[in-house]
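Starting off, we have a lone chain in the form predicted alone, written out as structure tokens.
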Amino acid sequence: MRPDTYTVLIGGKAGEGVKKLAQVIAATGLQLGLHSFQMDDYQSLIKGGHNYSLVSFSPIVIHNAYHKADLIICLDELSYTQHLNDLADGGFIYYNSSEQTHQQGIGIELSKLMKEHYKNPSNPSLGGLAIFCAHLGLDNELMLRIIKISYKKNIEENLSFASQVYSLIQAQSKLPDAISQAPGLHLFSGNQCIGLGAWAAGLDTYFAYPMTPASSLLHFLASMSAKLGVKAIHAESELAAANMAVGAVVGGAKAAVGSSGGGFALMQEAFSLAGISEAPLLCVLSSRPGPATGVSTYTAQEDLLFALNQGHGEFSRIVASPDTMERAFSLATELLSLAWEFQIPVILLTEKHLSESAQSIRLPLGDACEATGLIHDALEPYNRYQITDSGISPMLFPPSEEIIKWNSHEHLESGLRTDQAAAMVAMKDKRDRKREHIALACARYPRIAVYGSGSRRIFAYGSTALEIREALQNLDDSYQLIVPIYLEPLPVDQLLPYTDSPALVIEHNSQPRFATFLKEKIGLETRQNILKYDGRAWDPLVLATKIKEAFDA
């Protein structure tokens, strides 16, 4: 079993500040020298319903939240009934006794106390912070400092309310002891890492129409626009966002778009436009359950084949998926750089679990790869689609005295439209020549990740690797996890050495799409598929049991 973990669950209605409270609690753990992982479960509602967040702490790196909680804080009645069975052995559950009375747990009259301290209606989540601090015996002054930093409105009312709640609670348990202080740790979500990675490579403009779970990337870049210098554009639709992004590239801007599967389906035509016009474009596809609108706020990997086969017609693309928060940063940097190097659209494929979960990670996140393209030499006549041995043609952007043509039709070297047979073949061959060079360029970066050295092999990709790595912390060292990061082009040469025995394949699909893909590409024989398709991330202990049973069967 993994030593020294502690999990807090906070539940309440949408609009009650559950996620904000979880973020503050997770950040408090960092101040105490602990690693943390925050995971949010919420419905597609503005108010009401049921939301909850999990925060797990550990003195060593933690890759996923645990579902059995040592401390549960219920801001409403539904949270109590939903999560009473999620209480770990020896755990404590607190509830708002202004609205409910229960035989099990500790009641605090949060609603009544709020009326005594606030002039206007507020939400009870700040009381949850006081419960957390007092229950774990954290210093009252630390709690007050956290409130002043994290809650900017109604500061005096907040302080008096939280102080009274704190005074009503006896310290009952404590967080794990930090092995050592961990300076440099910061709490980042996957989408924040993606945004920062693209910015580090030179991103100028990000276009999107909000679609969960990619929406928070738009919100983050918009909130950081003044500091980062990235223009975040909320377009009127996904079609508009993708076409505006291609237009921005034509003007010389380094651009990206983001959406989930349904929105990205609307971007297919623009993705193909980027393919034939050779417009470098970074696309972030953050998956959720589908098809159609599916389940808006949960996680899935159903878009794997969709991403690999995005767009119509034949053209090169790169598809890669991060397995860690740090990789989300480095991969966004790499992909924007590769897009500009080869003048192609690229896809960063991820899932809600990585996009919206947050983990303590150390800064700086990694080296940046500045996105630069082959720029036209002013001494030569300019042809946008000049035929070259590498397939890469020079680019030129306004202002310029040269005539600049980008074309969505098949074209000549000059950019003029053509339907001549020989010209079509020559231009398709030019674009196809990029493939070999793309594969070599991708090899500059880590294309697979391998965790462990055991003989019991497991294959996964994307955020599923986070869940598996935490599950393996609860098993012995006889396991090895292999994670392809670059999916197109797939690093077959690096993966083949791991195909000498049947492997376990784990994915968030109802059909073994990733396993089938590996069978086709590298001939991997599957020992067993572990499939999960209810939109929820694995509890590490449950997954550990399933992994062990699969190999012991």
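Here the structure is a predicted model, which means the values were calculated and not measured. Just count from 1 along the sequence shown to find any residue number.
This next part talks about the form predicted together with a further copy of the same chain, which is not shown.
With the partner removed from view, the residue among Ser272, Asn474, Gln100, Asn123 that has a non-hydrogen atom within 4.5 Å of a further copy of the same chain in the predicted bound form turns out to be Ser272. Note on the partner interface in the predicted bound form: the residue among Gly391, Pro213, Gly261, Gly462 having a heavy atom within 4.5 angstroms of a further copy of the same chain is Gly261.
For the chain shown alone, Pro280 is not a contact residue for a further copy of the same chain in the predicted bound form, no non-hydrogen atom being within 4.5 angstroms. a further copy of the same chain in the predicted bound form is approached by Gly313, whose closest heavy atom lies within 4.5 angstroms of it. In the predicted bound form, a further copy of the same chain sits beyond 4.5 Å of every heavy atom of Asn383. In the predicted bound form, no heavy atom of Leu144 sits within 4.5 Å of a further copy of the same chain. Each of Ala292, Asp419 and Arg513 places at least one heavy atom within 4.5 Å of a further copy of the same chain in the predicted bound form. Figure note: of the listed segments 426-434, 464-472, 136-144, 69-77, the one touching a further copy of the same chain in the predicted bound form, with heavy atoms no more than 4.5 Å away, is 426-434.
Heavy atoms closer than or equal to 4.5 Å to a further copy of the same chain in the predicted bound form belong, across 528-542, to the residues Tyr533, Asp534, Gly535, Arg536, ordered by sequence position.
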